[in-house]
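One chain comes next, on its own, written out as structure tokens in the form predicted alone.
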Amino acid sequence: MTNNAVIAGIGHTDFGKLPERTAFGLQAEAARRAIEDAGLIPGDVDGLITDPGPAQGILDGITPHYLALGQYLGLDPAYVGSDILGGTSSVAIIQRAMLAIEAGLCSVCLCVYGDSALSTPGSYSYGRGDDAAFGLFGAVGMHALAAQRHRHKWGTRPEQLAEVALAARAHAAQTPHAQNKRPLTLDGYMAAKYIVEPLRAPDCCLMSDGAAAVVVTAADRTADLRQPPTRILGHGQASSLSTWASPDHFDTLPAARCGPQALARAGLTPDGIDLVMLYDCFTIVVLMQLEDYGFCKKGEAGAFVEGGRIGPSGSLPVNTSGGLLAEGYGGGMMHVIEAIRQLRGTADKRQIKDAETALISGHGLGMNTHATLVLGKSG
């Protein structure tokens, strides 16, 4: 890393069911807000990388998404691309923007996630492989297997999965734009229906229409920026593509490989991280990441999160805006945006005192892909 790239601007739309809005309209709004937040104009943008989400990235994936969105925005950038890595994509495209800037391929790169999945029938109902013929259909089935494995191997209890869901809902209660701010109690969690046992409805992320964008710029442009730049301290990616052929696929995430890599690049250990934004498509993934990133030992995440440890008043705040479980499904880009707000000191009631470092993760597909960012406060 040359430390030649910083995050300069952020922007997002509302999240929820927005049938009157198109996906491209949502993405354009988020992009405009991010560019304005950076103090730049569209003409400054010479890079565009997108995370199209499931509806546009898979169901409508014939025309490259960056081409369609770039036409919609009226851009003629030097560097373009779209990544379809599932929930890993939003973190991955920021890494890609940083690498492009460091390579001199562009100097202002707009990274956009957006989708209208909640208003698009079939967004998540497609078969992911031959296993669909045998009834394993969709992400929830895959992650339910991981939860069963964790329960079998480590004795993880439903009440410990509940801690993740309750913390998300408590964080969302302090987030004005959150999609689900309804209070959740342990009794309410335990009474919720199973989607795929042992995962109940509160264990599963929201579906949302919405968009979010981040502007990454060359560090030598900081004098032009409206906001204090957020430093990119470390990054890493890893994939485990063999899935069923791997005997430990449901034991260890690729985070166990790219997490230490990202922290080493940042010159930090887990103890040096103030804010943790973990991709939370399902509660079990949060527990597995806490272990694989080294915040606790393998098999101890269930006990680690007890007592509200990752909630608003806990010692390790996780997903302070509510995450995918309660803030809204933002493809992982909203995790990045919340981390930047915290590092800027503009997170209002949910502000973490003296937050200077943040770890953000992306996790995708059949538990196959993972990406990590470590960000630092300006200065």
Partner chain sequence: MNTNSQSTYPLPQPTSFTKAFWDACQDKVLTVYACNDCGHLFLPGGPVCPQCWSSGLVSQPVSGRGTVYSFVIYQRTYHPAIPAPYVVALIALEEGPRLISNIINCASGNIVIDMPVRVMFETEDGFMLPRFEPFNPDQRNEG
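Positions refer to the first chain, counted from 1. Quick caveat, the model's predicted, so the values are computed rather than measured.
One more form of this protein should be noted, the form predicted together with the partner chain, which is absent from this view; the next part is about it.
Among heavy atoms of Glu102, none comes within 4.5 Å of the partner chain in the predicted complex. Among heavy atoms of Asp274, none comes within 4.5 Å of the partner chain in the predicted complex. The partner chain in the predicted complex is approached by Ala132, whose closest heavy atom lies within 4.5 angstroms of it. In the predicted complex, the partner chain lies within 4.5 Å of some heavy atom of Tyr194. In plain terms, the part of the chain that comes close to the partner chain in the predicted complex, with a heavy atom within 4.5 Å, is 134-142 out of 78-86, 134-142, 109-117, 157-165. Distance criterion of 4.5 Å from any heavy atom to the partner chain in the predicted complex singles out Ser246 from the list Gln261, Thr269, Ser246, Gln71. A single residue from the set His152, Arg182, Lys298, Arg226 has any heavy atom within 4.5 angstroms of the partner chain in the predicted complex; that residue is His152. Applying a 4.5 Å heavy atom cutoff to the partner chain in the predicted complex picks out no residue from 332-361.
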